[in-house]
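First, one chain by itself: the form predicted on its own, in structure tokens.
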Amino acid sequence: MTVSFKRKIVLAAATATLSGWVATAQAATEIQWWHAMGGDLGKRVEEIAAGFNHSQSKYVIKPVYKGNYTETMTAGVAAFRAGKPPHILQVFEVGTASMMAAKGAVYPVYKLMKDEHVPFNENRYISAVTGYYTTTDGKMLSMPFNSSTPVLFWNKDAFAKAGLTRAPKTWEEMGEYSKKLISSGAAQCGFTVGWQSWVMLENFSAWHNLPFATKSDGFGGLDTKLTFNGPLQVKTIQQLADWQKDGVFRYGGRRSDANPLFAQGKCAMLLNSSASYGGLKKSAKFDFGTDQLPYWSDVKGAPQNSIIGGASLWVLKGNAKKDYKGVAEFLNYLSDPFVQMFWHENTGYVPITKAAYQLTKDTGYYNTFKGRDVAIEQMNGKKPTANSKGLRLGNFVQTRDIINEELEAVWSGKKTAKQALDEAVKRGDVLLRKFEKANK
């Protein structure tokens, strides 16, 4: 089957009419998929579900938007406790440890596929993505879905005005280039950062092969302790605080609130999720590039590899046994290279399988859209280590809130980087002990 022909099938299925879908649903088993993808992403989710429904007649996937990540996870947990769980629940990556600890609620993907005799080869998935969602011996617990990693966006027009021809590769160049951009009048500030805990501590640590926590960042047991207050993390956060004084760095907010500073041309660079690409493409009125995260040049072996954000799909127990064949078939459909390529090209999230990445390359997509492969190249530049496989920490949603509070104390001048990171580690460890006690 040629690429163009199969692509047409996927797209045709994705645009199947709702009326036809409903007609099929009347004779098929309904599979509930609760998710947190609103707006354009929600439309893509609907298209993928329509594609699956169009491909066979036994099952109908019904996507249901349940709000943001936290709201969706809360709704899923409440539904399970009420005895009416959805078959599939989208959970963001920081909820992984909590889902693993939910004994009796989760149907591990590797076991589901084996029980339902659906072809499943865990080696086909990209290890940098699946590492988050597998056991220590490589068995996949949930299906990766929307995975991204932070990258560097840079304003090509502003760089040209400042006499710069490429993106900075190191943190030393981040400072040097930013000062040139400001002094030339090309931008008001050098760079800004979205999702500061994820980008500047979680991924920064992985990128420099430093532990964020003990026990292989939590993969080795519940008795883990946070370690992101090491000398290099403290040095970097303090450097950003110092740079803030002369405009090299500007804080934009806890989530993706920093994106407008870049899109409006105020800051010439942005460190944020690769999934920001689609939104920036619509809002920025200038040409911009995508490149890898900066690293400190004096750190031996750097850069290592970045880690992911996003979410995966967890299968919940509690539905009729006959339904799970349909769940397994749908997860297999999601892994199809053409479906993954469709999702990747239309959202900015990375493909989850090696075949989908290769297929996207073979179609010439990356030649047309330069830089769209930076995220996946950055995740796969080196084989993940114990410090760069991902994080598996209990109560991590709350820990991120603590980190945000402490970092904001640095940006406001109330604390030094050392004081803030020490306090964040101390407060986060209290949450880890609570999680350990509750899940022993």
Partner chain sequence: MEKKTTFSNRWLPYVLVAPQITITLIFFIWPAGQALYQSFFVEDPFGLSTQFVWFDNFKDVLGDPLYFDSIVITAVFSLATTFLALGVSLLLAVMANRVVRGAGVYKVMLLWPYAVAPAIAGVLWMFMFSPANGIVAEALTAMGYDWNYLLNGNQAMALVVIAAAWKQVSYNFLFFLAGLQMIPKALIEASAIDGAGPARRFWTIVFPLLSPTAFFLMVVNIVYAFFDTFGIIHIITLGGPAGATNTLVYKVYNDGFIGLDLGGSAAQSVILMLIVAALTVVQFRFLERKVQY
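On a predicted model such as this, the values are computed, not experimentally measured, just so you know. Positions refer to the first chain, counted from 1.
As for the form predicted together with its partner chain, it is not shown, yet the points below apply to it.
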Consider the chain as shown here, without its partner, and state which of Pro260, Gly131, Gly279, Gly318 has a heavy atom within 4.5 Å of its partner chain in the predicted bound form. Pro260
Contact residue in the predicted bound form, chosen from Ser216, Gln244, Asn209, Thr347 - any heavy atom within 4.5 Å of its partner chain: Gln244
Picking from 264-272, 160-168, 179-187, 132-140, which part of the chain touches its partner chain in the predicted bound form when contact means heavy atoms within 4.5 Å? 264-272
Could you tell me if Tyr65 has a non-hydrogen atom within 4.5 Å of its partner chain in the predicted bound form? no
Please run the contact check for Gly252 against its partner chain in the predicted bound form: heavy atoms, 4.5 angstroms, yes or no? yes
State yes or no: in the predicted bound form, is some non-hydrogen atom of Glu405 no more than 4.5 angstroms from a non-hydrogen atom of its partner chain? yes
Distance check, Trp33 to its partner chain in the predicted bound form, heavy atom within 4.5 Å: no
Every residue of Met73, Ala105 and Trp411 near its partner chain in the predicted bound form, heavy atom within 4.5 Å: yes
Residues of 375-407 having any heavy atom within 4.5 Å of its partner chain in the predicted bound form, listed in sequence order: Asn395, Val397, Gln398, Asp401, Glu405
